[in-house]
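Below you'll find only one chain, the form predicted on its own, shown as structure tokens.
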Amino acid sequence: MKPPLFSILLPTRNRSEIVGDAIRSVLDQTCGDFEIIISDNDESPDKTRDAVAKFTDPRIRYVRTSGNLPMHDNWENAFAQATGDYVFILEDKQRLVPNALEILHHWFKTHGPTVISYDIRFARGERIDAPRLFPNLEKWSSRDAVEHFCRFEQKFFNILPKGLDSCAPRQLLAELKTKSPTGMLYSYISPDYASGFMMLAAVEHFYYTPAPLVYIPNNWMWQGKYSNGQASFKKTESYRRFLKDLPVTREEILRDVPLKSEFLWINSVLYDFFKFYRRSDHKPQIDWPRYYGFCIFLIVMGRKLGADLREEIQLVRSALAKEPLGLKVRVAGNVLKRGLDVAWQLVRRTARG
């Protein structure tokens, strides 16, 4: 039997009330050459199983785990079942626009087996309008993308071909897994970033479209609902358990960063960068003044979300007190520029309605 073109991986845990809509967004695709692999890691043995059982489409493949896998192992479990030519991860809180796979299929026919990343939109309501056929596609050098990361530029976080917002050939992903320092494709700490940095180390270039192929309905992320990022800001018990279950210590995670807080998510991303981005022909350097500026931005955003980040504020003050004046001036300039950029983006979004 011919394998499907796409393997849609849908790892899920304790979100049976929303997983059905994620499945439906795949079944409603204008390109039907796919399989959906649902890796059910619920604490409940039947809630997600019952939600999936409402669908009878033979392209759905349901796999039950032990119910207590760490996130990265649940993602790995889903990938192990994939048989398609290209792999695409969809979180249970995410939805595909109806023509997402048709757009990707067109680009793969045009450019051959390659890596394509795309935007994720936070929808105000239940859905967003599908992008036109076919939106613009940008070609990016992997080295240039990493240099953007080292300067903590927002563009990098949009274009990075990480697990949650990219589609890549399964054969390439399997090769990354065999070369991974942990033996995993979707490794700790952040499975999507870990795979993204390995991808950038392996390929010379990738493609990116600013068109949203995936969206999150009802602004769930900014409401704090189903948001891992907000869980880290707010230091929730679930996030503390997540950190405790990791096979690395707090000291290892924070060893190479000046602000020793596991609740500033950029520190986890930096750990993954140092561990998984390995190129003999490229040795990028982190811009630490911009790192401080980015952390201050995160603290401001976290406080607006109601998080208690007094300890992190003190960490910044203490660390900067030891730095030379020139670095402090660069940090202040970066914070001002980032604030102006955010204000301009809000103005543009308001103008678009």
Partner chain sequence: MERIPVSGPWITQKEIDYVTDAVTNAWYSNANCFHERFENAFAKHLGVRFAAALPSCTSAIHLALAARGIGPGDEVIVPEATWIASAAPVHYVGATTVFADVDPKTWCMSAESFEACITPKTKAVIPVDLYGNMPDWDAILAVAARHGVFVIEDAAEAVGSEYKGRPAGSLGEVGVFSFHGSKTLTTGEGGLLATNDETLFRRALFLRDHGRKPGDRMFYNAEIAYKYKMSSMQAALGLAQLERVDELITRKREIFSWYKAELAGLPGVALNPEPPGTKNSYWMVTVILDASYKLSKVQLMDLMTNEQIDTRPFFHPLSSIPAYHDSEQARIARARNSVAYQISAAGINLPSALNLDQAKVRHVCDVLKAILKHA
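Positions refer to the first chain, counted from 1. Please read all numbers here as calculations on a predicted model, not as lab measurements.
Although not depicted, the form predicted in complex with the partner chain is the subject of the following passage.
Proximity of Gln314 to the partner chain in the predicted bound form: non-hydrogen atoms within 4.5 Å are absent; the residue sits far from the partner. A residue is said to contact a partner when one of its heavy atoms sits within 4.5 Å of a partner heavy atom; Ile60 fails this definition for the partner chain in the predicted bound form, lying far away. Interface membership of Thr65, defined by any non-hydrogen atom within 4.5 Å of the partner chain in the predicted bound form, is ruled out.
Using a 4.5 Å cutoff between non-hydrogen atoms, Asp28 counts as a contact of the partner chain in the predicted bound form. Among the residues Phe108, Phe134, Trp140, Phe122, the one placing a heavy atom within 4.5 Å of the partner chain in the predicted bound form is Phe134.
This chain lacks the partner; the member of Glu102, Glu76, Asp85, Glu262 within 4.5 angstroms of the partner chain in the predicted bound form by a non-hydrogen atom is Glu102.
Looking at 31-39, 294-302, 316-324, 46-54, the stretch with residues near the partner chain in the predicted bound form, meaning non-hydrogen atoms within 4.5 angstroms, turns out to be 31-39.
Shown here without the partner chain, the chain has no residue in 67-81 lying with a heavy atom within 4.5 Å of that partner in the predicted bound form.
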